[in-house]
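Quick setup: one chain, the form predicted on its own, written in structure tokens, and binding and motion questions come after.
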Amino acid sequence: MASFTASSVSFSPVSCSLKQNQASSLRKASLSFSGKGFPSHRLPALRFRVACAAKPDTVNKVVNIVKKQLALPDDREVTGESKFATLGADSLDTVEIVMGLEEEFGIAVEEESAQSITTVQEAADLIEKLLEQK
């Protein structure tokens, strides 16, 4: 689980990632693993987002749905970082992918959230968030 305050970030033992340009005013970060600390470091004035990655099983299900929806060959590599547009999806394809995800996972994705999904990982993260709220 990741947590942050106005100016620092700390991690507990969960797989998390920081993405540039997606949160506010992060200036300092310190990491601690198994009781061993690393010094705090000043960061340039960048924006970060703290996000915990979805389970690999969820990502794999999303990959399979995307491949099926876009009729991609089995040997086409699709990962969490794969962007729908790079895979050849247009806006209609993206809507159909979201509909497939809703059906597979028994969730409802609001239109605003659906429009913000651009990668397989973002879709998997949203699915897990919605499943937690269920």
Partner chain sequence: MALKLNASNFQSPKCASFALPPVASVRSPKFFMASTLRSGSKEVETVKKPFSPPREVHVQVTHSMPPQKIEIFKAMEDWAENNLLVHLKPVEKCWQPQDFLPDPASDGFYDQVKELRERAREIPDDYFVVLVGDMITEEALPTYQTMLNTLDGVRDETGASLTSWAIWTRAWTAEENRHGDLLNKYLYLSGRVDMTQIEKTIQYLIGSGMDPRTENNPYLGFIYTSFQERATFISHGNTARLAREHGDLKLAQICGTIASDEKRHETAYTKIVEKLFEIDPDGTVLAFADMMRKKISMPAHLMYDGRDDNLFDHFSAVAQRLGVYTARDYADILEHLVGRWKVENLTGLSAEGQKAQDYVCGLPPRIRRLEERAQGKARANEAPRIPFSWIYDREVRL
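A quick note: this is a predicted structure, and the numbers were derived from the prediction, not measured. Numbering follows the first chain given and starts at 1.
Not pictured, yet referred to below: the form predicted in complex with its partner chain.
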| query | finding |
| --- | --- |
| Heavy atom within 4.5 Å of its partner chain in the predicted bound form - the one residue of Leu72, Val78, Ala53, Ala89 that qualifies | Ala89 |
| Non-hydrogen atom contact Glu96 with its partner chain in the predicted bound form at 4.5 angstroms | yes |
| Contact label in the predicted bound form: Ile65 to its partner chain, heavy atom within 4.5 Å | no |
| Distance check, Glu104 to its partner chain in the predicted bound form, heavy atom within 4.5 Å | no |
| 4.5 Å heavy atom contact, Val59 to its partner chain in the predicted bound form | no |
